[in-house]
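We begin with a single chain expressed as structure tokens, specifically the form predicted alone.
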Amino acid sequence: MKTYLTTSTAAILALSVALPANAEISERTIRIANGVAEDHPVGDGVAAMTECINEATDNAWTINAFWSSALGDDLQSAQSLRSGTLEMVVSSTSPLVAIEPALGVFDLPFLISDEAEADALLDGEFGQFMADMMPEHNLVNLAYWENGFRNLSNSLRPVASLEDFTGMRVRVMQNNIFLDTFQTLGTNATPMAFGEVFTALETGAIDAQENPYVTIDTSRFYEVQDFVSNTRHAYTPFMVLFSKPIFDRYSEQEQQILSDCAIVGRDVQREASRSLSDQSLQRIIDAGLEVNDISEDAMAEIRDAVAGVYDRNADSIGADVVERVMTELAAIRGQ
């Protein structure tokens, strides 16, 4: 994990130089909640962010990270932020739809094509537009980190065409857009808490699940699955959220440190995420799973099949939000 920290050194030095000599920095303790384990790429981001904060505050702040939902799941932690009883959480956007439905835009199938496109969208005007919605929920979004592209694993057959989805019992997140997407593809989509997935796969209660390669690897799903198909059907970002009631008590200089250091952590975390994704894919292959890509023609048919998911969920997300993201993606793609 620590191998990625050197990339943040220049940014840390730049930040410390940029701060005024009379910066109003108090002694503070910040608790960071996470739903992932410390060896996840989020750990790299937190470590880089912590190093940056230590440098910028001359070690006046104490950063305590809590892993694997030790302080509650993502939604519970976000609610603690809103009430001012917790400082920070790194959360996937999907559970936060319960707080801000517009975040469901990131769950739309095949919205984002690749990592460069994701970075441009999230770090650009649309990302700021979404972040600007958070203060009304007593949240401050400091930066977007990466959960990654989701892929399908199963115990039945390689998925190489639209027909291959038919009848497959697929665990999906407890999220209406994912449920709609996989029902539309012809599967028997089953909402299920993540902690139940391994046992359900092992006992045959379900045939399949979908997650980034890192999760498939670290959750050892390769022990109870035979096939992985490179569907890349959704890209999920993490949000680095801070409690607005607590944030508002910080000085402007302290607020700037949080924002700048979250971005330092972002760059390190994304680099780690993409490197580890490649390593996880290789471990999945080494474990004996058959991994397949999907042809462009077949992928076009799959994308066409789920196009209606956009219209059916536009009202819950906000038609203006869907229109705005599509307009910005078109500009990013030079269309």
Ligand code: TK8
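Residue numbers here begin at 1 and follow the sequence given. Note that the structure is predicted; figures quoted are calculated from it, not measured. By rigid core we mean the largest C-alpha set that fits within 1.5 Å across both forms.
Although not depicted, the form predicted in complex with D-xylonic acid (TK8) is the subject of the following passage.
Heavy atoms of D180 never reach within 4.5 Å of D-xylonic acid (TK8) in the model of the complex, leaving it off the interface. Contact annotation for S229: none of its heavy atoms lies within 4.5 Å of D-xylonic acid (TK8) in the model of the complex. Although the partner is absent here, G35 sits close enough that one of its heavy atoms falls within 4.5 Å of D-xylonic acid (TK8) in the model of the complex. Although the partner is absent here, F238 sits close enough that one of its heavy atoms falls within 4.5 Å of D-xylonic acid (TK8) in the model of the complex. Using a 4.5 angstroms heavy atom cutoff to D-xylonic acid (TK8) in the model of the complex, all of N147, F194 and T215 count as contacting. Residue-level contacts in the model of the complex: of L139, L142, M173, A189, one residue has a heavy atom within 4.5 Å of D-xylonic acid (TK8), and it is M173. Between the options S243, N151, Q225, S92, the residue in contact with D-xylonic acid (TK8) in the model of the complex by a heavy atom within 4.5 angstroms is S92.
You can rule out all but one of 50-58, 35-43, 295-303, 263-271: in the model of the complex, only 35-43 has residues with a heavy atom within 4.5 Å of D-xylonic acid (TK8). After superposing the rigid core, the C-alpha of M192 moves by 2 Å or more between the shown form and the other one. Core-superposed comparison between the shown form and the other one: the C-alpha position of Q209 differs by no less than 2 Å. The Cα shift for S80 between the shown form and the other one, taken after rigid core superposition, is smaller than 2 angstroms.
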